[in-house]
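In structure tokens, one chain follows: the form predicted alone.
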């Protein structure tokens, strides 16, 4: 198929233009156009997957102008990342159909039919920039291209969707949207400075050329700049302060994609720094693992203190991302494979958790978890979704989270052999996983068991429309399938990481 990878990146943008130009009185039509385009690109990635298994990798080179090109690579690392993210985008687009309708009713109650139609169109137009940006980051072989797609994600969908459809009043929404913009641009700017320094040394922005930096004294400072920029997006302590505000403000159908936005920095670190510059990166191994441990414990304790449904999920993201960082920070083959595998597991679990919290807010008309209780008999499907996400995020078998944590902790133990303090660090990290088990299941029991709280007894709670719940069940089943049959994904990851 010609231009296979280019289609994967550009089709969502083409669909966004169609959504913008088409006229229809059916609000849901804009959502179905978005879903259809993402299903098509998912099929393309499955086709690419068969070719990667047969040929090892697919490289497409597309000239844009003199000395400017968009080179795309599908290999055992980029393909699983792109495919899982795209499936999440499909699920959350379907979830958004009714959720956006609900948000428009609340934010713009006086809007007439034409105005409501315009808001639907605006939402799905902006939404499609997410998969385009994610696919661009995943498949680009050029550092400038990665920077461009990271900025595309920050400036277009994150800012404007929050500003238009966020939870607070008009002024507060824009303030938090600006906070997201400033932090995102700051992180990307550090990344840009780092890659410009690369160019001054090697005369190329291609990732394949970065090995020429190996052994150069300036490589340490380049890596430090890029790592700091990515740590900003990963919300590692002390660069985490934006995460609770931004995550809590976004409409819940987008919050799952914001978790992907933060997590994909792990992929960038592996692709841009660890694989091409493995020897130079060893000096950062212990500092990265230490910072990740501090963040995972701090984020978990912060989560335990939350009673707001969206802030609960936001603070848990701070903690959960750090496990992937801890794995890749070990800088062993098994550790990196486990870190990437857990990254994929985490974004599946977090998309379900955020969306389930959104269902509770959608149905209960409150974000206060303390006002919820006894919902099992009224919302059994929602309860199943919550505990499915708890299983995934707590890394319990048979979910993909268990496989990811088993691998990266194995890699971490390998990396600290002969280092007593490093061994203590890894053991504390293993024990910290208990905190995830506590806050996910304890909160779930409080919400769904016990007597029905009188504050919500008159609201007749019920499960949401199937377009909201079935896509989340699909994500949960995917996490279980990956947990039971991880080998295909691990084979793909090993094909790129094992030579390291």
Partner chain sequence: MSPVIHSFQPLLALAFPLGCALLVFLFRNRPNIREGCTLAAGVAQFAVIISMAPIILDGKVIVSHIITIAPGLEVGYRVDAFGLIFAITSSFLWILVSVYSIGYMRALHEHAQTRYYFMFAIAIFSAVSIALSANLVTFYIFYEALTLSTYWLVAHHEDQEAFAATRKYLSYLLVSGWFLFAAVVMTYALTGTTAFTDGGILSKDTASAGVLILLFVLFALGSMKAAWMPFHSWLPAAMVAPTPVSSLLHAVAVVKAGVFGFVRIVCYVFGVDLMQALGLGLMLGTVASVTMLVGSFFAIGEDNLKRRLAFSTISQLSYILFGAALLSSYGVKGAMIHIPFHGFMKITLFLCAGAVMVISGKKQISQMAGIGRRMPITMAAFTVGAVGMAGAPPVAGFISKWYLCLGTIQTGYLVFLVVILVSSLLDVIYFFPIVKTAYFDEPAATEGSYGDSASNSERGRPLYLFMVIPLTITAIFSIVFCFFPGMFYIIDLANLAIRGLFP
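Positions refer to the first chain, counted from 1. All figures in this text were calculated on a predicted structure; none of them were measured in a lab.
Same protein, other form: the form predicted in complex with the partner chain, not shown, and the subject of what follows.
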Considering 402, 261, 129, 147, which brings a non-hydrogen atom within 4.5 Å of the partner chain in the model of the complex? 402
Looking at 29, 437, 59, 39, which is the one with a non-hydrogen atom within 4.5 Å of the partner chain in the model of the complex? 437
Please pick out the stretch from 412-420, 118-126, 346-354, 211-219 that is in contact with the partner chain in the model of the complex, where contact means heavy atoms within 4.5 Å. 412-420
Flag residue 394 as yes or no: does it have a non-hydrogen atom within 4.5 angstroms of any non-hydrogen atom of the partner chain in the model of the complex? yes
So, residue 476 and the partner chain: in the model of the complex, are they within 4.5 Å at any heavy atom pair? no
Even though the partner chain is not shown here, does residue 167 get within 4.5 Å of it in the model of the complex, heavy atoms only? no
Does the 4.5 Å heavy atom contact test between residue 487 and the partner chain in the model of the complex come out positive? yes
At 4.5 angstroms, heavy atoms only, are 136, 152 and 182 all close to the partner chain in the model of the complex? no
In the model of the complex, which residues of 417-433 put a heavy atom within 4.5 Å of the partner chain? 417, 423, 427, 430, 431, 433
